[in-house]
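Encoded as structure tokens, the following chain is the form predicted alone, with no partner shown.
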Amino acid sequence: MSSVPEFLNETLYAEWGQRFQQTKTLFSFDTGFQKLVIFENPLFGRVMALDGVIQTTEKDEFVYHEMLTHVPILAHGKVTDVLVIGGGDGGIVREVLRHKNIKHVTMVEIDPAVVEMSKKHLPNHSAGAFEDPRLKLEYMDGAKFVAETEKRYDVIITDSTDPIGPGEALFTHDYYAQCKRCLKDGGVLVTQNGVGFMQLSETQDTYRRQSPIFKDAGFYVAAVPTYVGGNMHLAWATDNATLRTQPVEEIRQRFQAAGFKTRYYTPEVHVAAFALPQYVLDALKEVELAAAA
């Protein structure tokens, strides 16, 4: 007699969602910060969920990690120092450290269990990045770190959960203002901002909070199958408005000089990612009109 398959029903949206078959649970524990589960799925391989929300999978993690990393680094063009807030699975630092010109990376993760269990059960995410001598790993609250550090960075990447629980502090006006303080002249802040079609109010909230702080605030997109409902929005903020309008030829030269291959990112995708659909542009315009009223 065959057993009934076990499923994890994602809890991100109350009205609609997806479920992942769990063929084997590798880790399930309340870390004190959140409920961490890592399990195997026949289609996506190993999967991590925090508080019932899918965070990353072996199958498609490269889309998210490449786009959140290579777009700001190659748009900037002269990055040597990077700050990563969150990113405990190691995928972001893996991609950052592929750039040979990077001298220092600081990663700040609030939950040590996410790092340790990712090393054990999702080793391909970090692919040895945690052992790279250029990386300094700090275990503390990311919002507290940016409020207190005196260091300055070319790029800050926020790879956080959604604005619920531990991730909530990383979506505030104060957090963005402190990130601005931590950036060198011409630096770039990028943050994950959920699936725009499903979480459009969060897109508007981020735009409302970042626009008064940065001269150029906006979004670019990536299609990540795990994050269902449409394109993921990645927030973009800098004082150098020319960085996201560079011709593809310039980005291509920088990418070729970087000397590595990617699975999703291309210079053409980089440039096209900043083209937003009309409903998103309309939502951002609403924020601008409200601010001007």
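Position 1 is the first residue in the sequence shown; the rest follow in order. From a predicted model like this one, the values you see are computed outputs, not experimental measurements.
Here the subject shifts to the form predicted in complex with S-adenosylmethionine, a form of this protein not shown in this document.
Visitor: Taking 4.5 angstroms as the heavy atom distance cut-off, pick the stretch from 213-221, 108-116, 94-102, 126-134 that is near S-adenosylmethionine in the model of the complex.
Guide: That would be 108-116.
Visitor: Which residue, 182, 170, 190, 73, is the contact with S-adenosylmethionine in the model of the complex, using a 4.5 Å heavy atom cutoff?
Guide: Comparing distances to S-adenosylmethionine in the model of the complex, the residue within 4.5 Å is 170.
Visitor: Would you kindly say which of 235, 38, 232, 251 lies with a heavy atom within 4.5 Å of S-adenosylmethionine in the model of the complex?
Guide: Selected residue: 232.
Visitor: Indicate whether S-adenosylmethionine has at least one heavy atom within 4.5 Å of a heavy atom of residue 81 in the model of the complex.
Guide: No, residue 81 sits far enough from S-adenosylmethionine in the model of the complex that none of its heavy atoms falls within 4.5 Å.
Visitor: At the 4.5 Å heavy atom threshold, is residue 85 in contact with S-adenosylmethionine in the model of the complex?
Guide: Yes.
Visitor: Does residue 205 reach S-adenosylmethionine in the model of the complex if we count a contact as any heavy atom within 4.5 Å?
Guide: Looking in the model of the complex, residue contacts with S-adenosylmethionine do not include residue 205, since no heavy atom lies within 4.5 Å.
Visitor: Determine whether any heavy atom of residue 34 comes within 4.5 Å of a heavy atom of S-adenosylmethionine in the model of the complex, and answer yes or no.
Guide: Residue 34: contacts S-adenosylmethionine in the model of the complex.
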